[in-house]
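Take a look at this single chain in structure tokens; it is the form predicted on its own.
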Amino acid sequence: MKILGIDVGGSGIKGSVIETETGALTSERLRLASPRPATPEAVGVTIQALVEQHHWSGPIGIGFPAAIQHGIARTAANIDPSFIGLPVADYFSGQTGCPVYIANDADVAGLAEIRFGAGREVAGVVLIVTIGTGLGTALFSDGRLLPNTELGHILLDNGQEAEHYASEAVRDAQNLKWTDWGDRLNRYLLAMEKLFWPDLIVLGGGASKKLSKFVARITVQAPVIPAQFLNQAGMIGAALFAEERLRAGN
């Protein structure tokens, strides 16, 4: 099955047609800048532009920076708060004229890694952390997802919200050395370990490509490895989520 997978991020909105049997990209990966402010109308216009550039008229899966409950946004991270309470799946379906299936962006990135990537066939608890504008999380137990964990928003023992302390955006804004930022990320991962005792931690997002620069600062007991799909995970996982919904008849 081929599905257009779209990843809505804080700085860019990316899309590609995905072959869900393999997770392979079958079209060019296109990226458009995220609108400012990221209102429903503005994000919808950008998504519609991606759909048109792909000449697409089939099902669409979208990874979205919010807790999504039955197609409705319950939070708004790095997007306009007017999204809260909006039935975003229906809204984007109306704008694109295509059937749209939508889930939390970190959850769908996790689906890609569990199905085809770093978490494939791993038993036990797998925590996936996507590092970017914020900190996204996806938590799996024996391959089953607990959706909408949003663990990047927990308060650390220093009183700071985790993603305001250890995200890629913070590292860039404060021009932190990789080792100093690694200490911050480690503080966050230690907090996660105390809560969930994962058997494996997978780091996604752009920072995961630089794991060698800060891995010496990570002291959690669980193995910590980079995601396989990096910045493509959101698009791939969004398509996989849409496929699951289609096959379930939802």
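Just so you know, these numbers come straight off a predicted model, no measurement behind them. All residue numbers refer to positions in the sequence shown, first residue = 1.
As for the form predicted together with a small molecule, it is not shown, yet the points below apply to it.
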When the contact criterion is heavy atoms within 4.5 Å, does G117 count as touching the small molecule in the predicted complex?
no
Check E113 for me: does it contact the small molecule in the predicted complex (non-hydrogen atoms, 4.5 angstroms)?
no
Quick one: is I201 in contact with the small molecule in the predicted complex, heavy atoms, 4.5 Å cut-off?
no
Contact of L135 with the small molecule in the predicted complex (heavy atom, 4.5 Å)
yes
Among L185, I60, A66, I47, which has any heavy atom within 4.5 Å of the small molecule in the predicted complex?
A66
Of these, 119-127, 169-177, 87-95, 67-75, which stretch puts a heavy atom within 4.5 angstroms of the small molecule in the predicted complex?
67-75
Full three-residue contact with the small molecule in the predicted complex, heavy atom 4.5 Å, for I3, E243 and R247:
no
